[in-house]
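The data below hold one chain only, encoded as C-alpha coordinates and taken in the form predicted alone.
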(Lines give C-alpha, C1' and ligand atoms only; values in the text may rest on other atoms or scores of the structure.)
Protein backbone atom coordinates (compact mmCIF):
# COMPACT_ATOMS: atom_id res chain seq x y z
CA UNK A 1 0.00 0.00 0.00
CA UNK A 2 1.31 3.42 -0.97
CA UNK A 3 -1.47 5.71 0.28
CA UNK A 4 1.07 7.99 1.97
CA UNK A 5 1.61 9.51 -1.46
CA UNK A 6 -2.08 10.37 -1.60
CA UNK A 7 -1.60 12.54 1.48
CA UNK A 8 0.91 14.61 -0.47
CA UNK A 9 -1.32 14.67 -3.56
CA UNK A 10 -4.24 15.90 -1.43
CA UNK A 11 -2.10 18.56 0.23
CA UNK A 12 -1.01 19.90 -3.15
CA UNK A 13 -4.62 19.82 -4.37
CA UNK A 14 -5.36 22.34 -1.62
CA UNK A 15 -2.18 24.39 -1.89
CA UNK A 16 -1.32 24.32 -5.61
CA UNK A 17 -1.82 27.25 -8.02
CA UNK A 18 -5.48 28.29 -8.31
CA UNK A 19 -6.95 28.30 -11.81
CA UNK A 20 -10.41 28.24 -13.33
CA UNK A 21 -10.99 25.06 -15.30
CA UNK A 22 -11.55 26.90 -18.57
CA UNK A 23 -8.23 28.69 -18.12
CA UNK A 24 -6.52 25.34 -17.54
CA UNK A 25 -8.05 24.02 -20.77
CA UNK A 26 -6.86 27.05 -22.71
CA UNK A 27 -3.38 26.79 -21.25
CA UNK A 28 -3.21 23.10 -22.12
CA UNK A 29 -4.30 23.76 -25.69
CA UNK A 30 -1.76 26.54 -26.18
CA UNK A 31 1.19 24.76 -24.57
CA UNK A 32 0.50 21.50 -26.38
CA UNK A 33 0.61 23.19 -29.75
CA UNK A 34 3.86 24.91 -28.79
CA UNK A 35 5.40 21.59 -27.75
CA UNK A 36 4.43 19.98 -31.06
CA UNK A 37 6.39 22.67 -32.88
CA UNK A 38 9.30 22.74 -30.43
CA UNK A 39 9.86 19.00 -30.83
CA UNK A 40 8.98 18.92 -34.53
CA UNK A 41 6.49 16.06 -34.12
CA UNK A 42 4.91 15.13 -37.43
CA UNK A 43 2.17 12.62 -38.16
CA UNK A 44 3.03 10.44 -41.16
CA UNK A 45 -0.09 8.69 -42.54
CA UNK A 46 2.11 6.36 -44.59
CA UNK A 47 4.19 5.25 -41.56
CA UNK A 48 1.61 4.25 -38.97
CA UNK A 49 4.22 2.51 -36.82
CA UNK A 50 6.94 5.11 -36.50
CA UNK A 51 10.48 4.02 -37.32
CA UNK A 52 11.98 7.17 -35.80
CA UNK A 53 13.25 6.41 -32.29
CA UNK A 54 14.19 10.05 -31.73
CA UNK A 55 10.61 11.18 -32.40
CA UNK A 56 9.30 8.73 -29.79
CA UNK A 57 11.85 10.15 -27.34
CA UNK A 58 10.80 13.70 -28.23
CA UNK A 59 7.14 12.83 -27.63
CA UNK A 60 8.09 11.46 -24.20
CA UNK A 61 10.06 14.60 -23.34
CA UNK A 62 7.19 16.82 -24.47
CA UNK A 63 4.68 14.86 -22.38
CA UNK A 64 6.93 15.14 -19.34
CA UNK A 65 7.28 18.89 -19.85
CA UNK A 66 3.52 19.31 -20.10
CA UNK A 67 2.91 17.44 -16.85
CA UNK A 68 5.62 19.31 -14.96
CA UNK A 69 4.48 22.71 -16.22
CA UNK A 70 0.71 22.33 -15.93
CA UNK A 71 0.34 19.67 -13.26
CA UNK A 72 -2.77 17.53 -12.65
CA UNK A 73 -5.89 19.71 -12.38
CA UNK A 74 -8.18 19.00 -9.41
CA UNK A 75 -11.75 19.92 -10.29
CA UNK A 76 -12.77 19.81 -6.61
CA UNK A 77 -10.43 22.59 -5.48
CA UNK A 78 -9.68 24.28 -8.82
CA UNK A 79 -5.98 23.93 -8.15
CA UNK A 80 -3.11 22.33 -10.04
CA UNK A 81 -1.34 19.41 -8.35
CA UNK A 82 2.29 19.92 -9.30
CA UNK A 83 5.52 17.98 -8.81
CA UNK A 84 9.22 18.54 -9.31
CA UNK A 85 11.00 16.49 -11.95
CA UNK A 86 13.04 14.55 -9.37
CA UNK A 87 9.82 13.49 -7.63
CA UNK A 88 8.32 12.20 -10.87
CA UNK A 89 11.45 10.30 -11.81
CA UNK A 90 11.61 8.74 -8.35
CA UNK A 91 8.12 7.29 -8.88
CA UNK A 92 8.84 6.16 -12.44
CA UNK A 93 12.05 4.45 -11.35
CA UNK A 94 10.13 2.44 -8.74
CA UNK A 95 7.56 0.86 -11.05
CA UNK A 96 7.20 -2.91 -11.25
CA UNK A 97 7.95 -4.52 -14.62
CA UNK A 98 5.94 -7.66 -13.90
CA UNK A 99 2.45 -8.21 -12.43
CA UNK A 100 0.52 -11.39 -11.69
CA UNK A 101 -3.15 -10.88 -12.54
CA UNK A 102 -5.82 -13.26 -11.34
CA UNK A 103 -5.36 -16.33 -9.16
CA UNK A 104 -4.48 -20.01 -9.28
CA UNK A 105 -4.48 -21.80 -12.62
CA UNK A 106 -6.11 -18.79 -14.28
CA UNK A 107 -3.43 -16.28 -13.27
CA UNK A 108 -1.43 -14.56 -16.01
CA UNK A 109 1.80 -12.62 -15.90
CA UNK A 110 1.72 -9.13 -17.39
CA UNK A 111 5.19 -7.84 -18.14
CA UNK A 112 6.62 -4.56 -19.39
CA UNK A 113 6.99 -4.83 -23.16
CA UNK A 114 9.45 -3.10 -25.47
CA UNK A 115 9.46 -2.25 -29.19
CA UNK A 116 9.28 -5.36 -31.41
CA UNK A 117 9.04 -7.41 -28.21
CA UNK A 118 8.74 -11.21 -28.62
CA UNK A 119 6.92 -11.40 -25.26
CA UNK A 120 3.20 -12.04 -25.63
CA UNK A 121 0.94 -9.12 -24.72
CA UNK A 122 -1.93 -9.51 -22.27
CA UNK A 123 -5.46 -8.69 -23.38
CA UNK A 124 -7.96 -7.16 -20.95
CA UNK A 125 -11.11 -7.95 -22.92
CA UNK A 126 -14.77 -7.13 -22.50
CA UNK A 127 -17.51 -4.80 -23.73
CA UNK A 128 -15.22 -1.82 -22.98
CA UNK A 129 -17.85 0.45 -21.48
CA UNK A 130 -20.46 -0.54 -24.06
CA UNK A 131 -24.03 -0.68 -22.76
CA UNK A 132 -25.30 -4.20 -22.11
CA UNK A 133 -28.63 -5.69 -21.13
CA UNK A 134 -28.71 -6.59 -17.46
CA UNK A 135 -28.83 -10.13 -16.11
CA UNK A 136 -28.29 -13.24 -18.20
CA UNK A 137 -27.38 -11.37 -21.38
CA UNK A 138 -24.58 -9.56 -19.56
CA UNK A 139 -23.31 -12.78 -18.02
CA UNK A 140 -23.33 -14.54 -21.39
CA UNK A 141 -21.62 -11.58 -23.06
CA UNK A 142 -18.73 -11.73 -20.60
CA UNK A 143 -18.68 -15.51 -20.87
CA UNK A 144 -18.22 -15.22 -24.64
CA UNK A 145 -14.90 -13.51 -23.89
CA UNK A 146 -13.83 -15.74 -21.00
CA UNK A 147 -14.41 -18.89 -23.09
CA UNK A 148 -11.78 -17.79 -25.60
CA UNK A 149 -8.48 -19.42 -24.59
CA UNK A 150 -6.42 -16.44 -25.78
CA UNK A 151 -8.32 -13.95 -23.59
CA UNK A 152 -6.54 -13.17 -20.31
CA UNK A 153 -8.99 -10.91 -18.45
CA UNK A 154 -12.62 -9.77 -18.71
CA UNK A 155 -14.88 -7.00 -17.46
CA UNK A 156 -15.50 -3.34 -18.19
CA UNK A 157 -19.10 -3.63 -19.32
CA UNK A 158 -21.81 -1.20 -18.24
CA UNK A 159 -25.57 -1.49 -17.89
CA UNK A 160 -28.44 0.47 -19.39
CA UNK A 161 -30.79 -0.50 -16.54
CA UNK A 162 -30.84 -2.38 -13.24
CA UNK A 163 -34.07 -4.15 -12.28
CA UNK A 164 -35.70 -2.14 -15.05
CA UNK A 165 -34.62 1.23 -13.65
CA UNK A 166 -32.55 3.56 -15.83
CA UNK A 167 -29.17 4.04 -14.18
CA UNK A 168 -28.31 7.66 -13.37
CA UNK A 169 -25.14 8.97 -11.79
CA UNK A 170 -25.19 9.07 -8.00
CA UNK A 171 -28.51 7.26 -7.56
CA UNK A 172 -29.07 4.17 -5.39
CA UNK A 173 -29.52 2.19 -8.60
CA UNK A 174 -25.97 3.02 -9.71
CA UNK A 175 -24.59 1.59 -6.47
CA UNK A 176 -26.74 -1.54 -6.90
CA UNK A 177 -25.57 -1.89 -10.50
CA UNK A 178 -21.92 -1.74 -9.39
CA UNK A 179 -22.49 -4.57 -6.94
CA UNK A 180 -24.31 -6.70 -9.54
CA UNK A 181 -21.70 -6.06 -12.24
CA UNK A 182 -19.08 -7.55 -9.93
CA UNK A 183 -21.27 -10.56 -9.15
CA UNK A 184 -22.18 -11.18 -12.78
CA UNK A 185 -18.55 -10.97 -13.87
CA UNK A 186 -17.65 -13.54 -11.21
CA UNK A 187 -20.51 -15.76 -12.42
CA UNK A 188 -19.40 -15.46 -16.06
CA UNK A 189 -15.81 -16.55 -15.49
CA UNK A 190 -16.95 -19.39 -13.23
CA UNK A 191 -19.34 -20.66 -15.90
CA UNK A 192 -16.47 -20.48 -18.39
CA UNK A 193 -14.37 -22.72 -16.14
CA UNK A 194 -11.90 -19.94 -15.28
CA UNK A 195 -12.90 -18.85 -11.74
CA UNK A 196 -9.54 -17.24 -10.97
CA UNK A 197 -9.47 -15.09 -14.11
CA UNK A 198 -8.62 -11.40 -13.61
CA UNK A 199 -11.66 -9.11 -13.72
CA UNK A 200 -10.44 -5.74 -15.00
CA UNK A 201 -13.29 -3.37 -14.11
CA UNK A 202 -16.97 -2.67 -13.62
CA UNK A 203 -18.01 0.32 -15.71
CA UNK A 204 -19.90 2.77 -13.50
CA UNK A 205 -19.67 6.57 -13.72
CA UNK A 206 -19.46 7.53 -10.04
CA UNK A 207 -16.15 6.59 -8.40
CA UNK A 208 -17.82 6.09 -5.01
CA UNK A 209 -20.26 3.55 -6.49
CA UNK A 210 -17.40 1.33 -7.66
CA UNK A 211 -16.54 0.56 -4.04
CA UNK A 212 -19.74 -1.53 -3.89
CA UNK A 213 -18.16 -4.05 -6.27
CA UNK A 214 -15.24 -4.81 -3.92
CA UNK A 215 -16.15 -8.21 -2.49
CA UNK A 216 -13.60 -11.04 -2.10
CA UNK A 217 -16.33 -13.69 -2.40
CA UNK A 218 -18.85 -12.45 -4.95
CA UNK A 219 -17.23 -9.47 -6.65
CA UNK A 220 -13.89 -7.78 -7.26
CA UNK A 221 -11.12 -9.57 -5.38
CA UNK A 222 -7.64 -8.30 -4.50
CA UNK A 223 -6.39 -10.24 -7.56
CA UNK A 224 -8.75 -8.18 -9.77
CA UNK A 225 -8.74 -4.49 -10.64
CA UNK A 226 -10.80 -1.37 -11.19
CA UNK A 227 -10.24 1.56 -13.53
CA UNK A 228 -10.04 5.07 -12.12
CA UNK A 229 -10.79 7.73 -14.71
CA UNK A 230 -9.19 11.01 -15.59
CA UNK A 231 -11.41 13.77 -16.88
CA UNK A 232 -10.60 15.30 -20.24
CA UNK A 233 -7.86 16.41 -20.32
CA UNK A 234 -5.40 15.85 -17.46
CA UNK A 235 -7.93 16.30 -14.63
CA UNK A 236 -9.00 14.52 -11.48
CA UNK A 237 -11.22 15.06 -8.40
CA UNK A 238 -11.28 14.10 -4.75
CA UNK A 239 -13.89 11.44 -5.52
CA UNK A 240 -11.45 9.67 -7.81
CA UNK A 241 -8.55 10.04 -5.40
CA UNK A 242 -10.74 8.71 -2.57
CA UNK A 243 -11.55 5.61 -4.64
CA UNK A 244 -7.84 4.99 -5.07
CA UNK A 245 -7.31 5.30 -1.30
CA UNK A 246 -9.90 2.57 -0.74
CA UNK A 247 -8.50 0.36 -3.50
CA UNK A 248 -4.98 0.56 -2.11
CA UNK A 249 -6.26 -0.40 1.31
CA UNK A 250 -8.26 -3.28 -0.18
CA UNK A 251 -5.25 -4.40 -2.22
CA UNK A 252 -6.62 -4.70 -5.77
CA UNK A 253 -4.98 -3.44 -8.95
CA UNK A 254 -5.36 0.21 -9.98
CA UNK A 255 -5.91 0.94 -13.65
CA UNK A 256 -5.46 4.51 -14.90
CA UNK A 257 -8.17 5.18 -17.49
CA UNK A 258 -7.65 8.05 -19.95
CA UNK A 259 -9.90 9.00 -22.86
CA UNK A 260 -7.91 11.61 -24.80
CA UNK A 261 -9.96 13.12 -27.60
CA UNK A 262 -8.10 13.24 -30.89
CA UNK A 263 -9.31 16.49 -32.42
CA UNK A 264 -10.31 17.98 -29.04
CA UNK A 265 -8.33 20.13 -26.61
CA UNK A 266 -5.08 18.38 -27.50
CA UNK A 267 -5.45 18.98 -31.24
CA UNK A 268 -4.25 16.47 -33.84
CA UNK A 269 -2.40 13.17 -33.40
CA UNK A 270 0.88 14.83 -32.38
CA UNK A 271 -0.72 16.89 -29.60
CA UNK A 272 -2.90 14.00 -28.49
CA UNK A 273 0.19 11.85 -28.04
CA UNK A 274 1.84 14.54 -25.88
CA UNK A 275 -1.22 15.04 -23.67
CA UNK A 276 -1.78 11.32 -23.21
CA UNK A 277 1.84 10.75 -22.25
CA UNK A 278 1.35 13.45 -19.58
CA UNK A 279 -1.80 11.65 -18.45
CA UNK A 280 0.11 8.39 -18.09
CA UNK A 281 2.68 10.15 -15.92
CA UNK A 282 -0.10 11.70 -13.82
CA UNK A 283 -1.61 8.25 -13.33
CA UNK A 284 1.68 6.79 -12.17
CA UNK A 285 2.43 9.65 -9.77
CA UNK A 286 -1.02 10.53 -8.41
CA UNK A 287 -3.07 7.35 -8.92
CA UNK A 288 -0.41 4.79 -7.95
CA UNK A 289 -1.51 2.99 -11.14
CA UNK A 290 -0.32 -0.54 -11.85
CA UNK A 291 -1.28 -0.29 -15.53
CA UNK A 292 -2.74 2.35 -17.84
CA UNK A 293 -5.60 2.25 -20.36
CA UNK A 294 -4.77 4.18 -23.51
CA UNK A 295 -8.39 4.71 -24.54
CA UNK A 296 -7.96 7.02 -27.52
CA UNK A 297 -11.15 8.41 -29.10
CA UNK A 298 -11.57 10.24 -32.39
CA UNK A 299 -13.72 13.34 -31.78
CA UNK A 300 -15.88 12.59 -34.82
CA UNK A 301 -15.88 8.87 -35.45
CA UNK A 302 -15.35 7.52 -31.90
CA UNK A 303 -12.60 5.10 -32.89
CA UNK A 304 -8.85 4.70 -32.64
CA UNK A 305 -8.29 2.51 -35.67
CA UNK A 306 -7.93 5.15 -38.38
CA UNK A 307 -4.47 6.25 -39.56
CA UNK A 308 -4.23 9.10 -37.07
CA UNK A 309 -5.30 6.87 -34.19
CA UNK A 310 -2.91 4.03 -35.03
CA UNK A 311 0.01 6.45 -35.43
CA UNK A 312 -0.80 8.08 -32.08
CA UNK A 313 -0.97 4.86 -30.08
CA UNK A 314 2.17 3.58 -31.80
CA UNK A 315 4.33 6.60 -30.97
CA UNK A 316 3.01 6.59 -27.40
CA UNK A 317 3.72 2.90 -26.96
CA UNK A 318 7.23 3.35 -28.28
CA UNK A 319 7.77 6.40 -26.05
CA UNK A 320 6.85 4.34 -22.96
CA UNK A 321 8.88 1.34 -24.12
CA UNK A 322 12.03 3.40 -24.63
CA UNK A 323 11.78 5.77 -21.67
CA UNK A 324 9.86 4.12 -18.82
CA UNK A 325 8.49 0.97 -17.23
CA UNK A 326 4.85 2.07 -17.49
CA UNK A 327 2.68 -0.78 -18.76
CA UNK A 328 0.15 0.70 -21.16
CA UNK A 329 -2.87 -1.00 -22.70
CA UNK A 330 -4.28 0.01 -26.08
CA UNK A 331 -8.06 0.24 -25.69
CA UNK A 332 -9.17 -0.67 -29.21
CA UNK A 333 -12.25 1.39 -30.01
CA UNK A 334 -13.70 0.58 -33.43
CA UNK A 335 -16.21 2.31 -35.68
CA UNK A 336 -18.01 -0.78 -36.95
CA UNK A 337 -20.13 -3.33 -35.11
CA UNK A 338 -20.15 -7.11 -34.51
CA UNK A 339 -21.05 -9.33 -37.42
CA UNK A 340 -19.18 -7.13 -39.92
CA UNK A 341 -15.89 -7.69 -41.68
CA UNK A 342 -15.02 -4.01 -41.04
CA UNK A 343 -14.88 -4.57 -37.27
CA UNK A 344 -12.59 -7.57 -37.71
CA UNK A 345 -10.33 -5.61 -40.03
CA UNK A 346 -10.13 -2.78 -37.49
CA UNK A 347 -9.27 -5.24 -34.73
CA UNK A 348 -6.57 -6.85 -36.85
CA UNK A 349 -4.91 -3.50 -37.55
CA UNK A 350 -5.09 -2.46 -33.91
CA UNK A 351 -3.54 -5.73 -32.77
CA UNK A 352 -0.51 -5.34 -35.03
CA UNK A 353 0.15 -1.63 -34.43
CA UNK A 354 -0.11 -1.94 -30.65
CA UNK A 355 1.81 -5.17 -30.21
CA UNK A 356 4.85 -4.16 -32.25
CA UNK A 357 4.94 -0.83 -30.40
CA UNK A 358 5.24 -2.42 -26.95
CA UNK A 359 1.62 -2.14 -25.78
CA UNK A 360 -0.82 -4.59 -24.21
CA UNK A 361 -4.46 -4.67 -25.37
CA UNK A 362 -8.09 -4.10 -24.40
CA UNK A 363 -11.13 -4.49 -26.57
CA UNK A 364 -13.03 -4.19 -28.57
CA UNK A 365 -15.16 -1.08 -28.21
CA UNK A 366 -17.47 -1.81 -31.12
CA UNK A 367 -19.49 1.07 -32.64
CA UNK A 368 -17.47 3.45 -30.47
CA UNK A 369 -19.11 1.84 -27.43
CA UNK A 370 -22.42 3.57 -28.16
CA UNK A 371 -24.91 0.84 -29.11
CA UNK A 372 -26.64 -1.57 -26.73
CA UNK A 373 -25.34 -5.16 -26.73
CA UNK A 374 -22.92 -4.58 -29.61
CA UNK A 375 -20.05 -6.58 -28.10
CA UNK A 376 -18.89 -10.18 -28.56
CA UNK A 377 -15.86 -12.24 -27.68
CA UNK A 378 -14.98 -13.08 -31.28
CA UNK A 379 -13.60 -9.68 -32.27
CA UNK A 380 -11.51 -9.62 -29.08
CA UNK A 381 -10.16 -13.03 -30.00
CA UNK A 382 -8.90 -11.69 -33.33
CA UNK A 383 -7.44 -8.60 -31.67
CA UNK A 384 -5.34 -10.82 -29.39
CA UNK A 385 -4.45 -13.32 -32.12
CA UNK A 386 -3.14 -10.55 -34.35
CA UNK A 387 -1.15 -9.12 -31.45
CA UNK A 388 0.40 -12.55 -30.94
CA UNK A 389 1.18 -12.78 -34.65
CA UNK A 390 2.99 -9.43 -34.38
CA UNK A 391 5.16 -10.36 -31.39
CA UNK A 392 8.75 -9.98 -32.52
CA UNK A 393 7.67 -8.45 -35.84
CA UNK A 394 9.88 -5.72 -37.30
CA UNK A 395 8.32 -2.28 -37.46
CA UNK A 396 9.02 -2.12 -41.18
CA UNK A 397 7.02 -5.32 -41.70
CA UNK A 398 4.18 -4.00 -39.54
CA UNK A 399 3.99 -0.90 -41.72
CA UNK A 400 3.97 -2.98 -44.88
CA UNK A 401 1.03 -4.98 -43.54
CA UNK A 402 -0.90 -1.92 -42.33
CA UNK A 403 -0.46 -0.05 -45.60
CA UNK A 404 -2.01 -3.05 -47.33
CA UNK A 405 -4.70 -3.70 -44.75
CA UNK A 406 -6.00 -0.29 -43.61
CA UNK A 407 -7.15 0.80 -47.11
CA UNK A 408 -9.55 -2.17 -47.04
CA UNK A 409 -11.66 -0.66 -44.26
CA UNK A 410 -10.82 3.05 -43.78
CA UNK A 411 -13.56 4.31 -46.11
CA UNK A 412 -16.10 2.83 -43.68
CA UNK A 413 -14.84 4.66 -40.58
CA UNK A 414 -16.96 7.75 -41.12
CA UNK A 415 -19.68 7.77 -38.47
CA UNK A 416 -22.35 8.04 -41.17
CA UNK A 417 -21.03 5.02 -43.08
CA UNK A 418 -19.72 2.58 -40.47
CA UNK A 419 -21.79 -0.64 -40.52
CA UNK A 420 -23.46 -1.16 -37.14
CA UNK A 421 -23.71 -4.93 -37.40
CA UNK A 422 -25.88 -6.97 -35.05
CA UNK A 423 -26.38 -7.48 -31.34
CA UNK A 424 -24.82 -10.18 -29.19
CA UNK A 425 -28.19 -11.93 -28.99
CA UNK A 426 -28.38 -12.10 -32.79
CA UNK A 427 -24.83 -13.36 -33.28
CA UNK A 428 -24.40 -15.79 -30.37
CA UNK A 429 -26.23 -18.84 -29.06
CA UNK A 430 -27.50 -17.77 -25.64
CA UNK A 431 -27.25 -21.28 -24.25
CA UNK A 432 -23.60 -21.98 -25.01
CA UNK A 433 -22.42 -18.36 -25.39
CA UNK A 434 -20.71 -19.45 -28.61
CA UNK A 435 -20.86 -17.60 -31.97
CA UNK A 436 -23.48 -18.63 -34.50
CA UNK A 437 -22.41 -19.91 -37.92
CA UNK A 438 -22.75 -16.59 -39.77
CA UNK A 439 -20.42 -14.72 -37.38
CA UNK A 440 -17.95 -17.60 -37.16
CA UNK A 441 -17.92 -17.82 -40.96
CA UNK A 442 -17.11 -14.10 -41.27
CA UNK A 443 -14.26 -14.53 -38.80
CA UNK A 444 -12.90 -17.55 -40.72
CA UNK A 445 -12.98 -15.59 -43.98
CA UNK A 446 -10.91 -12.75 -42.50
CA UNK A 447 -8.44 -15.22 -41.00
CA UNK A 448 -8.14 -16.76 -44.47
CA UNK A 449 -7.27 -13.37 -45.98
CA UNK A 450 -4.66 -12.79 -43.28
CA UNK A 451 -3.14 -16.21 -43.90
CA UNK A 452 -2.76 -15.37 -47.59
CA UNK A 453 -0.84 -12.27 -46.53
CA UNK A 454 1.56 -14.40 -44.52
CA UNK A 455 0.06 -13.64 -41.09
CA UNK A 456 0.17 -16.73 -38.88
CA UNK A 457 -2.82 -16.92 -36.54
CA UNK A 458 -1.73 -19.03 -33.58
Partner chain sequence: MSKVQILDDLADSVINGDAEKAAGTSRKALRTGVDPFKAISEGLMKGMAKVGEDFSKLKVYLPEVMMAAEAMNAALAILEPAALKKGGKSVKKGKVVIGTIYGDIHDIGKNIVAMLLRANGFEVHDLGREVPVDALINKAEETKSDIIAASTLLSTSMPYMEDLLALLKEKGVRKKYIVMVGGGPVTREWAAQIGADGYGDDGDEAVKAAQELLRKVKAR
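Numbering follows the first chain given and starts at 1. Because the structure is a prediction, the values reported are computed rather than measured.
The form predicted together with the partner chain is left out here; the points below concern that form.
Contact between residue 267 and the partner chain in the model of the complex is found at the 4.5 Å heavy atom cutoff. Residue contact with the partner chain in the model of the complex: residue 105 places no heavy atom within 4.5 Å of it.
Remark: residue 295 does not count among the residues lining the partner chain in the model of the complex, judged by a heavy atom distance of 4.5 Å or less. Residue contact with the partner chain in the model of the complex: residue 195 places no heavy atom within 4.5 Å of it.
Between 257-265, 79-87, 187-195, 320-328, the stretch whose residues reach within 4.5 angstroms of the partner chain in the model of the complex through a non-hydrogen atom is 257-265. The partner is absent here, but in the model of the complex a heavy atom of 29, alone among 68, 51, 430, 29, sits within 4.5 Å of the partner chain.
Contact annotation: of the candidates 232, 92, 99, 242, the single residue with a non-hydrogen atom within 4.5 angstroms of the partner chain in the model of the complex is 232. Contact here is defined as any heavy atom lying within 4.5 Å of the partner chain in the model of the complex, and by that definition not a single one of 221, 252 and 393 is a contact residue. Residue 75 is the only member of 64-90 with a non-hydrogen atom no more than 4.5 angstroms from the partner chain in the model of the complex.
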